[in-house]
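Consider the single chain below, provided in structure tokens and representing the form predicted alone.
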């Protein structure tokens, strides 16, 4: 849950998740719909599906994984997650290197490299992290490095005077700590999407993204107008801006009044879903679109198609 999501956002989700599925055995028996519903609002839904896949594989395994190398054989678990699990829970002496640890290490050794990506920084600095690792208590060491980066050696205005590593930090000695690490950020791309508020017989039209989608697999959103093969309505009733990874998406919503759903020109390769207002709470929606729909229902109730034809 904490991958690409802030801790303050995760906490209530984590508490609810653990109450529902306190162990791998219970998670392995859940349906995909239940798992995606519990994940609503966290985004990157493929993480939820992979987590359940981990539970299923773990339950089926005769030998349970204890080393980082063994955890790497599980879906969606990369070097950082594998090292964190294995070192904290099984005392496997492997350094866990995330963005916070990269920041601490790059300042500690005054790494002046210009990294093309976060991953290239991880590759370069992992040997240093492994060299510094406390092999007697690797879990505590890894957690300390993570917390140091998150709370003290912060991206902006690091608290160097409070840092226990200040006397060893070459970046601080050189006065370069604020400029490190030097990682080239991916360019932000912008995309415009026109969407439809399409109601027929008291039901709202949604599109469900296919299982193979990278980000929103199995999740519903308001339909893209281009997928409906209908004339572009003039009236814009709402707009939404959101960011996903390095993409900034500007979404515009237009009313598409439809009295007879059978006359819509729907692309056959898209999975279309008609839902009533009562069914919305049981429908897996992306976080931004759920909030969008909840707000729009106040002015555009699903019971009155004709009210939209102004």
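The shown structure was predicted, so the numbers you read here are calculated from the model rather than taken from an experiment. Positions refer to the first chain, counted from 1.
The same protein has a further form, the form predicted together with the DNA, not shown here; the description that follows concerns it.
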Partner-facing stretch of 169 to 177, 193 to 201, 115 to 123, 231 to 239, counted where any non-hydrogen atom is within 4.5 angstroms of the DNA in the model of the complex: 115 to 123
In the model of the complex, the residue from 246, 276, 26, 34 that sits within 4.5 Å of the DNA by heavy atoms: 246
Check all three, 14, 22 and 212, heavy atom within 4.5 Å of the DNA in the model of the complex: no
Residue 146 within 4.5 Å of the DNA in the model of the complex, heavy atoms: yes
Contact flag, residue 301 vs the DNA in the model of the complex, heavy atom cut 4.5 Å: no
Residue contact check: residue 65 to the DNA in the model of the complex, 4.5 Å heavy atom: no
Contact label in the model of the complex: residue 49 to the DNA, heavy atom within 4.5 Å: no
In the model of the complex, residues of 96 to 110 near the DNA [heavy atom within 4.5 Å]: 98, 99, 100, 103
